[in-house]
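Before any questions on binding or motion, here is one chain by itself as structure tokens, the form predicted on its own.
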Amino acid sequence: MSREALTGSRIRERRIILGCKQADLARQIGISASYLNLIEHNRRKIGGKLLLDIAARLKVDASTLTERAEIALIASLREAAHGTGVSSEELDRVEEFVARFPSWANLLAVSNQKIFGLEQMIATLNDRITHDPQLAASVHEVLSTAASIRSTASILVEDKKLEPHWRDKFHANIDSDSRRLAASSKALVGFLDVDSGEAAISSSPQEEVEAFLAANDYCFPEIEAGRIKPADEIINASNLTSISARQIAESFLEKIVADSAQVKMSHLLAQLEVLGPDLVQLASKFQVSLPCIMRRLASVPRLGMGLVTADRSGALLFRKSIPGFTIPRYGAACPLWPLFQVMGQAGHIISKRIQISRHTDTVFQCFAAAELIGSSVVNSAPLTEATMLIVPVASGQIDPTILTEEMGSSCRICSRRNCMGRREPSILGEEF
């Protein structure tokens, strides 16, 4: 049913909300109850004076009854239905459902968004709890201190003939260790629950750099223009507190300087108007590598593209996440990503359409390419880095003839079954 034909459903919904009987409304506007029934079931078109009379009786503007159902709300409901086995016949009636029951439709859409948000939270927490070095150090501190207290207490209990001065020393050790345990436990609680106010979270260098880049929207026009040097930008960055974070950030900014020298932002924006985001044509136009063009495109805020870089060890060196595409901070990423498929093929580009979660219709076109780092050395394995550009695809631009592959961000939070690349059970699956 077309959205234009749902005026009757809106009339019926509004009448029920007001507690008006169908026969009473028909009598007030001068038509038969049977004819109004046909209108409310979208079997008769309505307009002109009759529509104005009904709108007046229902105390709404006529446009409220004739306007299309909210496109965004319909899209959200279709997204919620994805992967749940809802038949195509039922999906075709989603517009009617929105028109007749707008409050229920909105509730379902909001619930779906909450589910998606919780999935993203699970991904982040799983990544952090599993691999965060700060958390590992805190837990180790708590366990080692508890073991020390336990060992000292055992000596005091088992040795009844312990001399007084040794007993005093052991008591002092227990007192010291218990204070240390209380402090480390307090810090651990604060790390896991920053809202508790018990202690502040100590960010890792990578987290500091990511916060620094995100605060600047991954865009540094002053540095690209040569008005500010990377070292000066780092000195003025209050959110870069550790030496490691400053070194990592400065290395990233130096790469921006090198990339902008080859592809100026103004020239890139001009070519985007002509060529569009065609990586191969843009790389050919500027005579640069594909990863260089990927990095430049990811630094254009209005494009909303994500980026991830990895080396041959599989470590993720750089990550710029975008909504719907979670990139692990510490753990291993999905081995099926194009990022890892191009690692040994410098200069080759792979394009794949990926859907991260089965609970959302969000689709991404991912482009991956690898490049050699540094100079070649005889009898020495070359250093290679792979870069993947993540481009969100609008729902209206999805070509149904192109295969969309379902993947996860990491095995522990991927519910995809029978995956050849799975390395461990998913905490979202029955096998866990």
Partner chain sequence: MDKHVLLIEDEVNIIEALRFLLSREGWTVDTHSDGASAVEKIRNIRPNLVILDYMLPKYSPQSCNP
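So that the term is clear: the rigid core is the largest set of C-alpha atoms that superpose within 1.5 Å between two forms. Residue numbers count along the first chain shown, from 1. Small disclaimer: the values here were computed from a predicted structure and weren't measured.
Absent from the display: the form predicted together with its partner chain. The rest refers to it.
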Name the single residue among F286, F101, F170, F252 that comes within 4.5 Å of its partner chain in the model of the complex, judging by heavy atoms.
-> F170
S87, S144, S111, S266: which sits within 4.5 Å of its partner chain in the model of the complex by any heavy atom?
-> S144
Counting only heavy atoms and a 4.5 Å cutoff, which of 313-321, 215-223, 103-111, 155-163 contacts its partner chain in the model of the complex?
-> 155-163
For this chain shown on its own, do A136, H140 and D177 all sit within 4.5 Å of its partner chain in the model of the complex, going by heavy atoms?
-> yes
Mark S151 yes when one of its heavy atoms lies within 4.5 Å of a heavy atom of its partner chain in the model of the complex, and no otherwise.
-> yes
Residues within 4.5 Å of its partner chain in the model of the complex, restricted to 248-285 and counted by heavy atom | none
Classify S148 as shifted (yes) or not shifted (no) between the shown form and the other one, where shifted means its C-alpha moves by 2 Å or more with the rigid core superposed.
-> yes
Any CA movement of 2 Å or more for V257 between the shown form and the other one, core superposed?
-> no
H165 C-alpha shift between the shown form and the other one of 2 Å or more, rigid core reference | yes
Relative to the shown structure, Cα E141 and Cα Q247 in the model of the complex (3 Å or more change) are closer
